[in-house]
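Starting off, we have a lone chain in the form predicted alone, written out as structure tokens.
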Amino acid sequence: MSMDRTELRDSARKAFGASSATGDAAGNWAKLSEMGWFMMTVPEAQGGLGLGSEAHAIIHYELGRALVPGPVIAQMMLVEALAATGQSDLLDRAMAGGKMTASLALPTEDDVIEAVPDADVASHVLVTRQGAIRVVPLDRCTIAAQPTWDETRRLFDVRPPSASDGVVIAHGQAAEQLRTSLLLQMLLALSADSLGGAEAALAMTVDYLKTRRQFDRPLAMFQALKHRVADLKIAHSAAEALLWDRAAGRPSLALMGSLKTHCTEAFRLIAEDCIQLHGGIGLTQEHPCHLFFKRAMLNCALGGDAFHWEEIAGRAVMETTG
């Protein structure tokens, strides 16, 4: 990681610190806008900072670590689409923090677009279907809230008024390439978000084991618990190494899907074990353990579940080996 990347990570930790899940969502959004994170990957010629996918991963790692709520992943997908297609007016608004959104589900040809964060307060939604990508004003759409356990994200189903409504920003082959690029971005963001959350949950658990005492000794002194935490740390470190490798390269969709599956499953495993290692207090609503576990479970489902990406990876291997 270069010094610029280290500075980016340090500034994020200074800005958000520990968990913000129960904090001020509007305040967090304003802070993200002020720090210029929505223009992070936009080329400098278009008014952005021109940083690459590694910076993108660092941002989402730190947002996941602090459980920052809101539609940041969706906003950055829309910014990427506007920048790639030269939509200057909307791009300027989005980079300045004007809330826009996109689906965090796999693209389909259905009439209803699922898993759209904050659709009730965003101005536009990105629609990818029927061989085109469009930006549609949300005041023309039908919106229905979907209940979620994850308290850090609000998801909606969105039904655009017609297949031709909104501004077409790409169609045909260009739309297909952009659609793949946006999917890669979403998978990387979900992977990084998961490992940031896993790091925070594990650190919180280690601190608890050092503090809680039994038989006049800290729980952290018990050999069985040491081994269990070591296994979780190894799982996190292995997934993190894979994350930075994929973030610095140009992986295929199958490889990025495999990364997302591995990282989200590691987050789910670590969050679940952290609840158990906290004992009874970990099962209470007042303790933040459940916030990490719920975010982990939603991350497993968003962007395609493990079954979907394992099938894609299997087919890719079969095509390679004949």
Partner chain sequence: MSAALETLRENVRTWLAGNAPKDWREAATHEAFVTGQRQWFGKLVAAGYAIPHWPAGWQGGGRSLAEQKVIYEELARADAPRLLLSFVSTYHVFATLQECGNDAQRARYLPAILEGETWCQGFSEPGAGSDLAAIKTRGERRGDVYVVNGQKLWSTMAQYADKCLLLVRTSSEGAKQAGLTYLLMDMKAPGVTVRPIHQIQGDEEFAEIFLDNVEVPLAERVGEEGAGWAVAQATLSSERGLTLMELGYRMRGSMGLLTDLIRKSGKAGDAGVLRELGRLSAQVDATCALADRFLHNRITGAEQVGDASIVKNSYSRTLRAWADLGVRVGGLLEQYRKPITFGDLNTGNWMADFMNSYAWTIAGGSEEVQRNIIAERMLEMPREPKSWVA
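Computed from a predicted model, the values in this text were never measured in an experiment. Positions refer to the first chain, counted from 1.
In what follows, reference is made to the form predicted together with the partner chain, a form of this protein that is not presented.
> All three of Arg13, Gln46 and Arg212 touching the partner chain in the predicted bound form at 4.5 Å, heavy atom to heavy atom?
Replying inline: Negative, none of the three is within 4.5 Å.
> Is Pro107 close enough to the partner chain in the predicted bound form to count, meaning some heavy atom within 4.5 Å?
Replying inline: Pro107: no contact with the partner chain in the predicted bound form.
> Though only this chain appears here, would Val229 touch the partner chain in the predicted bound form if you measure heavy atom gaps against 4.5 Å?
Replying inline: Output for Val229 is yes: heavy atoms within 4.5 Å of the partner chain.
> Hey, in the predicted bound form, does Lys233 get a heavy atom within 4.5 angstroms of the partner chain?
Replying inline: Within the cut-off, so yes.
>> I'd like to check something about Leu298: if you look in the predicted bound form, is any of its heavy atoms closer than or equal to 4.5 Å to a heavy atom of the partner chain?
In response: Because no heavy atom of Leu298 falls inside 4.5 Å of the partner chain in the predicted bound form, the answer is no.
> in the predicted bound form, which of 131-139, 236-244, 97-105, 177-185 comes within 4.5 Å of the partner chain (heavy atoms)?
Replying inline: That would be 236-244.
>> Between Val167, Ala144, Val112, Met221, only one gets a heavy atom within 4.5 angstroms of the partner chain in the predicted bound form; which residue is that?
In response: Here the answer is residue option Met221.
> in the predicted bound form, which residues of 288-319 put a heavy atom within 4.5 Å of the partner chain?
Replying inline: The stretch 288-319, when checked against the partner chain in the predicted bound form, contributes Phe307, Glu310, Glu311, Ala313, Gly314, Arg315, Val317, Met318 at the 4.5 Å heavy-atom cut-off.
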